[in-house]
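In structure tokens, one chain follows: the form predicted on its own.
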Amino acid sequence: MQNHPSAILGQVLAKYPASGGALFQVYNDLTLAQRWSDVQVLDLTACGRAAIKGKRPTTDTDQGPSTCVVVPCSLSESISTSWLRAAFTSLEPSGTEIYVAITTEDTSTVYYKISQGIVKPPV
């Protein structure tokens, strides 16, 4: 039972019950469906929720897995630029991009890549 998500997420689910459903759903998607490795749960106190950090597998054999941070939220929540700024500040100095995972009641999850500042899109 140590590997069950409720055992791993227990503390942050109790601390942030309003965002617990989205966190649980995204954690299961990343670990079970997308097969992320080295998954950690991060406490983003400034945002009033937890984030998930892990290594995303790649199909490119020349590169290893890339480390990404995902901040889950539900479709019914409002996201502001100050909320995103707080997330980036909480995660410094680790990166300049995060993924916001938006969940719905039917268990659909959509991931949006958010970059800090102005970033030229890849060609």
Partner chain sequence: MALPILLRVSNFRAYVWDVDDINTLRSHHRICGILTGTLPHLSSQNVFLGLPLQLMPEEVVLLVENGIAVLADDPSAHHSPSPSLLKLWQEERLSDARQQIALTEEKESIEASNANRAMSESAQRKRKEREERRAHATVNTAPNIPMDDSPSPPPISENPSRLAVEESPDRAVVMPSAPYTVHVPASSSRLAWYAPHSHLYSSIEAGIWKYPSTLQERARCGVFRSLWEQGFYMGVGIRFGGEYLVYPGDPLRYHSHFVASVIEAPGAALRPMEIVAHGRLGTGTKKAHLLCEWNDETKVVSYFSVEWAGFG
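As the structure is a computational prediction, the values presented were derived from the model and not from experiment. Residue numbers count along the first chain shown, from 1.
Omitted from view is the form predicted together with its partner chain, to which the following refers.
Requested in this report: Note which of Leu84, Val39, Ala46, Leu42 lies within 4.5 Å of its partner chain in the predicted bound form, where distance is taken over heavy atoms; exactly one does.
Outcome: Among Leu84, Val39, Ala46, Leu42, a heavy atom within 4.5 Å of its partner chain in the predicted bound form occurs only for Leu84.
Query raised in the report: Can you check whether Ser115 is within 4.5 Å of its partner chain in the predicted bound form, heavy atom basis?
Result: Yes, contact at 4.5 Å.
Report task. Examine Leu91 and determine whether its closest non-hydrogen atom to its partner chain in the predicted bound form is within 4.5 angstroms. Result -> Answer no; every heavy atom of Leu91 is more than 4.5 Å from its partner chain in the predicted bound form.
Query raised in the report: Hey, in the predicted bound form, does Gln34 get a heavy atom within 4.5 angstroms of its partner chain?
Result: So Gln34 counts as contacting its partner chain.
Query raised in the report: Is Ser74 close enough to touch its partner chain in the predicted bound form, meaning at least one heavy atom pair within 4.5 Å?
Result: Result yes; Ser74 sits at the interface with its partner chain in the predicted bound form.
Query raised in the report: Within 97-123, which residues have a heavy atom closer than or equal to 4.5 Å from its partner chain in the predicted bound form?
Result: Heavy-atom contacts within 4.5 Å come from Tyr99, Ile102, Thr109, Val110, Tyr111, Tyr112, Lys113, Ile114, Ser115, Gln116, Gly117, Ile118, Val119, Lys120, Pro121, Pro122.
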